[in-house]
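Structure 1 and structure 2, given next as structure tokens, are two forms of the same protein chain, each shown alone.
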Structure 1
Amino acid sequence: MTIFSSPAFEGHESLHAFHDARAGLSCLIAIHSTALGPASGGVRMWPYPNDQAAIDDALRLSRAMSYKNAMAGIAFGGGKTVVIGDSRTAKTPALFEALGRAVESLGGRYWGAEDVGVSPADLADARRATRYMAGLEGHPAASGDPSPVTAEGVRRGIALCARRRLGKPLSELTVAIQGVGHVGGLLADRLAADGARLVVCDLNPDIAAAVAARTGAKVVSTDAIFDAEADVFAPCALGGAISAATLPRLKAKVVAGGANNQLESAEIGRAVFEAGLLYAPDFVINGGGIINVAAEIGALQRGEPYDPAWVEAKVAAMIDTLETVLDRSQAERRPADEIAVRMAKERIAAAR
């Protein structure tokens, strides 16, 4: 089992493993940085094929959260929880209460929130055992499911990228969305309301069919989505969608979506740039959800209600930051993801 020598471990402060056999919990909590404040990042539940895959995912996602939080301009570092298990069959209140105890044991160094395979109801179960869980419902500071804010930020980011690269408004776009679950489904709804034409796929065909029924989207297979005739390719599933195998198949001139770690590697980021595609770095464009969570955490700490105006201002600033990244990429003739990583590291280093 590789931890410290893994490229994904770069810069991490700690990696915690928790196991509760009675509750059925096996999870990892990665804390990449607390320079800007307590680490914050979602709780993901996934049936990883082995422990190493779970470790690597936790580390990559945790580091991405440090960059995302820094670029979103919020006072949090980066962390991530991965729960090993099938969210369709293995969820129980006891499991999430055990997760809450694990989070509580870190003494506030990490705040959890919703991510793939986890709902606000699951987090409510965890909340019974820890103070450090956000993205909840039913109290004055509650922000609820962060997915709608993530989707809105991605929608605005797509609009910006399409204007810059294609000179088109949303109403004239065809967008291929890979994965139409929480964020991808909401993104599809919003883009359809803007008049965009959609091509969608999902591992769950029923979900894809439901999105198509309400948006008029064309449904294709999870493999055929890379060949779709589209202006924008929006990865909204798991990471690594843009790879050496898939990049040559893309017809789109813009890559902008809600998934984390969309590029298989930094080398792929350069290949995307050299191919003339405009790429919106994922940890910049998809920061709306963590901004929403940050609003709840701040409200809880101050004993105040959730402030939607603060969230709107931060999301607007996030899109301004994306434009700055794209401006610098164009001026320096360097890939946008390299520019964004450099900016995030500079912000984190300044906080130290």
Structure 2
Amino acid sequence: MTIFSSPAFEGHESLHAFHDARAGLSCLIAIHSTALGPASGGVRMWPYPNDQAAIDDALRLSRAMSYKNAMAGIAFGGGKTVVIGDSRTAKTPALFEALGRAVESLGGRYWGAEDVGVSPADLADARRATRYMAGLEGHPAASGDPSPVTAEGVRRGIALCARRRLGKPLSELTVAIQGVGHVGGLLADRLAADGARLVVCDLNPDIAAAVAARTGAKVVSTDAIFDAEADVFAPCALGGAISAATLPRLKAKVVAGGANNQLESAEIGRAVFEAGLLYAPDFVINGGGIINVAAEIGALQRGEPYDPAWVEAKVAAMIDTLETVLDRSQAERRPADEIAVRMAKERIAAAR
């Protein structure tokens, strides 16, 4: 097992391993940076095949949170927790309370929130042992489901990209949405209200059918979505939608969606750029959710209620940042994702 010499560790401040045999907890908390403020990032529960896989994931995800938080213009660094275990069988209140003690022991250098495999009820168990857990329910500071804010940021990002690349308003667009769960489904509702035509798919046919019934979207298979006649391709499922196999099939001139890790690799980011597609870097356009969580953390710290006006101002600023990324990408003739990573690193370095 390697840590310090691993490329994944590069730039990290710390990696913490916690074990509580009685509670059944084995978890890692990676803190990439606290330059802009305390690290924040979700708690993921996943049955990693071995410790190295868990370490690599924690480090990869905490760095990504640093970049996302920096580009969202919130006073938070990047961190991530991975709990090793199967969320369908291994969850107990005692496990999450032990996680809360682990988070508390870091003295506020890291704030946790919801991620894959973890529910608000689990976070409530952790919260019994720590002040540093957001994603509460039934509290004046609670921010609720982040998906509507994420979807609204993506909608505005699509509007910006389509105006720049195609000179079209939302009402004249056809948007292909891959995955219509929380974010993709809300995005579909909003775009339909804007007058856009939609082509959607989902691994779960019932979800796709429900969205089609609400929005008039055409439903296609999860494979055919890559061939859809559309102006915009919006990945809103899991990572890796844009790959060497799928890029040549896309008819859309804009790729902009809510999913994390949309590009299979940095090389494919360059290929997207060279093919003349306008790509909205995922960690810039989908920052609405973390902005919403930051609103809750700020409210908890100040002992005030959740402030929707603060969230709106930050989402508007996030779209301005996306525009700056696209301007620089155009001026420097470099892929937008490269520009966005560089800007995030600059923002973090400037705060050090």
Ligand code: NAD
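The term rigid core refers to the most C-alpha atoms you can superpose between the two forms while keeping them within 1.5 Å. Residues are numbered by position in structure 1's sequence, first residue being 1. Everything quoted here is computed from the prediction, not taken from an experiment.
A.B. asks: Between the two structures, is it 1 or 2 that corresponds to the form predicted on its own?
C.D. replies: Structure 1, which is the form predicted on its own, differs in this respect from structure 2.
A.B. asks: Gly79: CA shift of at least 2 Å between the two structures after core fit?
C.D. replies: For Gly79, whose C-alpha is compared between the two structures after core superposition, the shift is 2 Å or more.
A.B. asks: Is Ala331 one of the residues whose Cα moves 2 Å or more between the two structures, with the core superposed?
C.D. replies: False for Ala331: its C-alpha shift is below 2 Å.
A.B. asks: Examine Arg101 after superposing the rigid core and state whether its CA is displaced by 2 Å or more between the two structures.
C.D. replies: Superposed on the core, Arg101 moves its C-alpha 2 Å or more between the two structures.
A.B. asks: Where the core is superposed, what shift in Å does the CA of Thr89 undergo between the two structures?
C.D. replies: Residue shift at the C-alpha: 8.1 Å.
A.B. asks: State the core-superposed CA shift for Ser62 between the two structures, in Å to one decimal.
C.D. replies: Here Ser62 registers a C-alpha shift of 2.9 Å.
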